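First comes one chain, alone, set out as structure tokens in the form predicted on its own.
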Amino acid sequence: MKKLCAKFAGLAALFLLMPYAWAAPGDGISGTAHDFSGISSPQTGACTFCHTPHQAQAQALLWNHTLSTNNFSWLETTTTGGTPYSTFAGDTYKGPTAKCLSCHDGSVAIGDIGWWNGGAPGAPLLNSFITGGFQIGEGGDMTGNHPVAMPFPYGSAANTYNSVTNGASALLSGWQPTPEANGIKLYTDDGTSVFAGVTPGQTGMECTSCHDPHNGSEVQDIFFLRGLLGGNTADYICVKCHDKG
């Protein structure tokens, strides 16, 4: 718990270094830590550092930011329920987690994008790297972080996602059977592509299951959370997936 509090404190401190005040949860990307439009020279649009309408590096999401080449994994091999921890390559995995880690693993500069107005914008901050509380998966090591790119036991049944199946000893009654009804965003892996939405037997979770990087209307708290950071009500982010009642 102390390490978790320290990490959140580090995140909050880094937010204070940004040139914008933190926008209210759910009020959109403008004025959040993901709004880089006012800190580059020449000034870009708010979407540029993740997306571009032309010459994108990947067709999916028209992705503009250079992807990490790290191979991500956890120190542990399986969960207590016997589900193998996933592994994935930052530059080839098709789920949104790879997009998040292209900035947040600290290996790629914030301003390392493929295209804007004939090139990449320049500013000291945008040529810097994520450090401190924002940095997750340094060197590909995801140890100590919530599992992502992993199957979710949707419908209280085993699911397969990113070539991993929920373990035979997983306590399926300890999970919300339909967390998307609580505002959590789940994904389908059909073996060819990963896309938003649930498919029984093929459903999993990504970073964006609990965080909305665009600060959309479902965001309820800081860190782009789709629920509350603390408490024990139905809006508490953890119980939106985990049924501990």
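Throughout, we count residues from 1 along the sequence that is shown. Note that this is a predicted model, so its numbers are computed, not measured.
As for the form predicted in complex with a small molecule, it is not shown, yet the points below apply to it.
- With a 4.5 Å cutoff on heavy atoms, residue 205 counts as touching the small molecule in the predicted bound form.
- In the predicted bound form, none of the heavy atoms of residue 162 sits within 4.5 Å of a heavy atom of the small molecule.
- Among residues of the shown chain, residue 61 is one whose heavy atoms approach the small molecule to within 4.5 Å in the predicted bound form.
- The small molecule is not drawn, but in the predicted bound form it has no heavy atom within 4.5 Å of residue 120.
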